[in-house]
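Presented as structure tokens, the chain that follows is alone, the form predicted on its own.
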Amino acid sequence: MKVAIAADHGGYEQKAHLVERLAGAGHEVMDFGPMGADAVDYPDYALKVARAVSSGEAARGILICGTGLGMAMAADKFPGVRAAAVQTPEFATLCRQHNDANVLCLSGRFVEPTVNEELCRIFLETPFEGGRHAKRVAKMMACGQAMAMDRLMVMDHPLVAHKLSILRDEATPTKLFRELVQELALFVGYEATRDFPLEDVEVTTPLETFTAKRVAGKKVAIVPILRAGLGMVDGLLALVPSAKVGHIGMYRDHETHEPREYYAKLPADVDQRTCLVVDPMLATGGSASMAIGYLRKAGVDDVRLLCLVAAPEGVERVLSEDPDVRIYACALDRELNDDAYILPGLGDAGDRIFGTL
């Protein structure tokens, strides 16, 4: 079985012990660290394992901190993750039989290594009973999915629907297509910036002085995913002229449909900004997830993904791989075809923006 494992400084020593035992038992172990005993923040490592389990990269996950409680709380933020903090063999058995737990959270300070080794064995070998428990687990997971979908905002405006209908039309010429992409980017940008904080300022009009509102808080960075994302930049700059622009270059492998990064250039203070990641099409979600992950590694806390047309498969992947990102789209389309193009979609947005059909 493919098992993802990580710890913090409170569980580092036991992690090293468990990695050796799991590998010896024939499991394929993904060790996400840390590789030393220096103090670290447990949510950072819970995120790594939870993401691997949530995406299907690993079948099960194991996390170790001082008590196991913090790791469980952090890992459970991910859609599809069922994390259980366990200290007894009975609980290890029941969390699998009744709850179909897929991430085991252990105490590195209050439970002996030999006991934790046994808890791992039980966790990995015990099957889910299903039956009456399946309905309950399904209800539990439905709550998580509903919470994740709350982070998807689809535009509900007659002008958005009108402009999008023209954008989809294969007869729409390049010049008009490009203009419509910019206009729709402006609409989706309005929605993505709706919650920006305001502060009071005194303004003197030709008639009197009064207290008005202006945007406060973090500054903005617009980060297009090359190349199609470039088509949305001017529309967003019309909305937020002071924003800085970074770039992340990716191409899609036509066989695997997975992204390959080839370029990245971000503002030096990107970690102090709200980042608007832009790409007209959210198809498989691979490029968007990779771009969001890149920004997270750069220290960005507030990431928002802006697109024109999204597929359910891409939305699910992005929301499951990052527990905080929000998606803003002009439309949520039906599905992907066998070539990972959105249906009904609008074709290849990059080719239509730049006239390279």
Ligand code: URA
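Each residue number is its position in the shown sequence, starting from 1. Being a predicted model, the structure only gives us computed values, none of them experimental.
There is also a form predicted together with this ligand; it is not shown, and the following applies to it.
With the partner omitted from this view, the residue of A283, L119, V81, I222 that lies near this ligand in the predicted complex is A283 [heavy atom within 4.5 Å]. In the predicted complex, no heavy atom of E13 sits within 4.5 Å of this ligand. By the criterion of a heavy atom within 4.5 Å, D348 is counted among the residues contacting this ligand in the predicted complex.
In the predicted complex, this ligand lies farther than 4.5 Å from every heavy atom of L18.
Contact between L22 and this ligand in the predicted complex is not found at the 4.5 Å heavy atom cutoff. The stretch that touches this ligand in the predicted complex, counting heavy atoms within 4.5 Å, is 275-283, out of 275-283, 189-197, 158-166, 98-106. For the stretch 114-137, the set of residues having any non-hydrogen atom within 4.5 angstroms of this ligand in the predicted complex is empty.
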